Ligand SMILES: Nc1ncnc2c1ncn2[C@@H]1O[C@H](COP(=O)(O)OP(=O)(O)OP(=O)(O)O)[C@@H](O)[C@H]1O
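Next up: just one chain, as structure tokens, the form predicted on its own.
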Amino acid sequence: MTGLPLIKQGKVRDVYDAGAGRLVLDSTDRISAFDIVLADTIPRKGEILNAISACHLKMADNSGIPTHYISMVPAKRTAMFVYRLDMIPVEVIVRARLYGSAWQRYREGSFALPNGTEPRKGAQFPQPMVEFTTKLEASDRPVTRDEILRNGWMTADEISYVIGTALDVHRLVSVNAAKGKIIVADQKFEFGRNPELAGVPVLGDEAGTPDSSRFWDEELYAENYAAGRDQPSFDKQYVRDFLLRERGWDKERPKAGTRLTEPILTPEVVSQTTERYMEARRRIMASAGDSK
């Protein structure tokens, strides 16, 4: 962003100081997997993330849920203005289906299924559930309510508010996505504090994008679930699966926090990832009444 001081270069977003308590979040075409930033970039990824996130943040604001969103940056399709937040060092995961790390932990015996859940990969939980993970450590790990309280990351009231709000935002995103025949299997949210905006934690970072959510094709779900197959998705899982299957990351992978310097994806994986992200945007934003 020309003329603005760069505050932070995250795994995917660059953060700039826009003055007057505002930031610019610029979504790049970088992609990360397993807390490792790849050297590869995904064409158009930044503008897709920015558009979908803005759509969902505006949805939340319109429903009375305070967020950090202000507006899009004029003539910059990858960037938005947001209010500065003191970010809470905890990620909030809403899970509606048994998949990803939850499925892996279930198989290892460290994840208890909610009552009424079929013990099969991709099974729907009776109700969406919330988990917390660390945010500032090199590799995210689950954390308990007691650990959050012990470390002073949130108060008991804030934990209750964040759980309820994450479930509300998940519901908003899922209802809209269902209009485009997308199942939202799980989502990650982040919150921060800004007393001038609200006396409660404010929804920050991104909301309901292919980087932070699992989006499945509703019309293919039942057939693949019955057959025990992985679910085709319009999100980053496609890249994760390639790295596990074709690059041996199921057995050995770079250390979390690493930024790779050499490309690792094939041209086909890069182009297919762009196509999947574009399809997610088309379905989600058309359902929300905005196909741009």
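All residue numbers refer to positions in the sequence shown, first residue = 1. Quick caveat, the model's predicted, so the values are computed rather than measured.
If you look for the form predicted in complex with the named molecule, you will not find it shown, but the lines that follow are about it.
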Identify, from the list 221, 83, 99, 132, the residue with a heavy atom within 4.5 Å of the named molecule in the predicted complex.
-> 83
Contact with the named molecule in the predicted complex, heavy atom within 4.5 Å, among 113, 200, 163, 87 goes to 87
Have a look at 261 to 269, 23 to 31, 226 to 234, 239 to 247 and name the one stretch with heavy atoms inside 4.5 Å of the named molecule in the predicted complex.
-> 23 to 31
Contact flag, residue 282 vs the named molecule in the predicted complex, heavy atom cut 4.5 Å = no
Is residue 186 one of the residues lying within 4.5 Å of the named molecule in the predicted complex, judged by heavy atom distances?
-> no
How about residue 12: is it within 4.5 Å of the named molecule in the predicted complex, going by heavy atoms?
-> yes
Please check if residue 68 has a heavy atom lying within 4.5 Å of any heavy atom of the named molecule in the predicted complex.
-> yes
Taking 47, 77 and 275 as a possible spot, do all three reach the named molecule in the predicted complex with a heavy atom inside 4.5 Å?
-> no
